[in-house]
Structures are given as structure tokens and as C-alpha cells.
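Only one chain is included here, represented as C-alpha cells and corresponding to the form predicted alone.
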């Protein structure tokens, strides 16, 4: 029996709600046909936004949405996406599929979506092909309430009052698709551009995010923190889980061997090393932890589904993806003293999405149910906790991962993932200096290759979990193989 210790006396840091954020790019059917169908669509919508998708995301508890990219952000010119839709410029989406982007979803539509969702806005600016003036005017258009050329243009386009903009990213993947820059060069560019991301409203101070490293590029973090750390609020990190480790042949989303399954879990767990080591670099420059780590692109990336456009990055989602989501969110929770926000890629129909659509049909993926389960941690205080565990073949990746937090009323939330395909895990949890009166539990569990599909009964979903026994100071439980369990302890 594995020992699980939770210490309510060790309060570490707040788990920011924005750790459970998502990302929507002008890519494939993420926005068009995903969240946005247009006002004239037969699919039920409010101002063009799909009612079923909006309602599902609200139920999941979406806290923040990143837009418009991704690689698309650094070829996006925001003025093309405002004004009468019939007059908006069309462009070729050179990164994703080479299709025509008609710009019918632009700034007004994005903030309309955020308002319907009740979530915060995270906008990514164009450094790669844009200008300082363009970025400055976008901020003015979005946030300025006085009289100026951009505020008057906004009013002309139907929005009298400015919007609230919480987060702004100065470029995206500037080391790659955002300009192929070297870290010293981007540091100078960031310093210049961020000057013009102005706070026009004292009640809307924009949180500025610098483009951070690609996965294990610790030099990028070191250079950015040294030369621009005092000019930023956060620095981003991107990492994708690929079963094979080979970008040319990533592996299939649905048909995979047990070895590929475990390789996926092992590669997903590398997020722990990434967050820890980038945090160590940041600590050398910023021991007070003023700058946050923002993991604004993460998730699984497989070969696209057969018969779909390769540039659309459409993939199904199985219980394997639920395990990746559970262990990754546990990692972010455990590092919430530095990780403020994370955004899974992506929201609908792209990569490890939480929702799939097909015409007027909608499916909630296994990953969706994990996010809905984990929202119970939002804004709680992380507690010190430790769980003994076996390890996978690499001797690094734990079979069991966990995180524990406490609400203001003293309720403890614990989430545990069991990555084993075949073995249940018996645990005994003890909560220091506590008397436990009641426990409720929920589980997401299925065969690793189970998935939810259109016109079929859901195969993976959240349900009640009862295989536990109450102790005076905790509980015992048997965690099934390939499962994620949440305990609510009072």
C-alpha cells in the first residue's frame, strides 16, 4: 500500500485559476466551425458563437482564452479583422493549410466570445511581421476610453466602451515561426515593443508576457531574464508531447501499442523537468519570483487523422490524453509558486482539444472531463503533499502523480492519476493534524484507447468513485489502472 501524506500546515502558494486556460488559433476548424459559425448559421448561436460550445466551456470553467495564435499571430494584422465583414481583407493562412482567411472573426468577435464565456482575454501581438505602431494602436483600440484615433475607430465599428484586456503576449515563438530570432535580438525587440503596450486605464493594467523558450532551450530563458526580466510580468514556455519523439512521424491518436502509450506518459512527464529547470534559471535572476512562468502551449501532438487536411492538425482524443492532462495539471499545481497560467493547445478541433465538432454535432473529449474535474483546485492554496509510487521504465516517471490544495473553508481537494495500464494502486492517505468527517470522490477511467465519438454513447466521462474507506485522519483507496481520481475531503 502506497503512503500518501498531506500537510494542511504547509501552505505553499495559490493555484491561479488561469493554470486551466485554453488556446484558440486561426488554425483548421478551431475557430471557424469550432467556436464561431457566424450569425447566419443554422447552428444555434449567439452573435455567431456556437451556443453548445460556449455552454460546454462555461460548464468546464474556462478561466482565460489565448488568441489569435500561435504562429498565426505573427502574420496577423488586426486592422484586417475589424469593420464591416464584407469589406474585411482576405489573406492566405500560410502556416495552416494555405486556405483563405476571411477575417470574419477578429477583435470584436474575440471579445464577444470572452464575454459570453465569462473568461479573461489573452491576446498575442505580432512582432514577426508587424510593427511597434501596429501593436501600440491595437492596445489603444482595445483599451483606451478617451478621445483618440483608435478609440474613435472602435466606436465607429460599434463598440463604445473599451474592453478589459488582462494578458498581452509580445510575439510568439520568436525563436521559430515568429521570426527565427536569436535570444539577444529578441530581448532587444521585446524591450522596445513592450514600451508601447500602454496602460491607458489604471483599472486595466496589462500583464506583459515575453516570448520564452522552446522546450529545453535554457539559454533563451537565461538571456531573456538577464536583459529584459525587469520589463516583463511573465515569460512563456512551449512544450508538446510526442509519443515517438520524432516530429516527422509522431504516432497515431487512436491506434498505438502499449509501448507507445508509456512513451507518451514518459514524454509528458518531462514537463516537470522543464518547469523545474526553467524555474531554477529564473530564480537566479528573480529570486523574489516577480516574473511568472506561462506555459501557454502544451498538450499531445499526433499524426493527423487519415483523410483530414494535414494543416488542420485534427486528432482524436483518448483516455491516454486524459492521463496526460491529469499528470500535467498536477505538475502545474505543484509549481504554482512560479506557474501562473497555462493554455492547452487547443480549445476545439485542433491537437489535444477539449471539444470536437462536426457540423451541428459536438463531442466532449476525455481531456474536457479532466479540466472540469480539476477546476475544483482553482484559487485554492497548494498544500505540501507526498505520495510513494513505483516508476515506469525510465525510472523517472512516476506511475502515480498527485496534487493537493485547500479551500478557504478548509475543504481539501486531492487529484491522483494512475498511469499503469494494468495495475490498480492501493493508497493510504493521512492528513496531518486533521479529523476527517466526510469524503466525496469522482473518477475518469476507461480503457486507454477509449474515446468519445459522434453518434455514439460517451465512452469516457466523469462519474462517482466509491472504492475508498474513511479513516479518522484520512482515507484508503484503490485507484484503478488508467484513471484520474478527485477526492473532496472535509
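Just so you know, these numbers come straight off a predicted model, no measurement behind them. Numbering follows the first chain given and starts at 1.
Just so it is clear, the following notes concern the form predicted in complex with a small molecule, a form of the same protein that is not shown.
Proximity to the small molecule in the predicted bound form, taken as a non-hydrogen atom within 4.5 angstroms, holds for one residue of 27, 444, 53, 429, which is 27. Think of it this way: in the predicted bound form, the small molecule has a heavy atom of just one of 78, 141, 262, 301 within 4.5 Å, and the residue is 301. In the predicted bound form, the small molecule sits within 4.5 Å of a heavy atom belonging to residue 345. Taking the partner from the other structure, the small molecule in the predicted bound form has no heavy atom within 4.5 Å of any heavy atom of residue 196.
Of the heavy atoms in residue 71, some are within 4.5 Å of the small molecule in the predicted bound form. Residue 23 belongs to the set of residues with a heavy atom inside 4.5 Å of the small molecule in the predicted bound form. For a residue to qualify, one of its non-hydrogen atoms must sit within 4.5 Å of the small molecule in the predicted bound form; all three of 173, 297 and 313 qualify. Remark: of stretches 379-387, 392-400, 276-284, 233-241, the one touching the small molecule in the predicted bound form is 233-241 (heavy atom within 4.5 Å).
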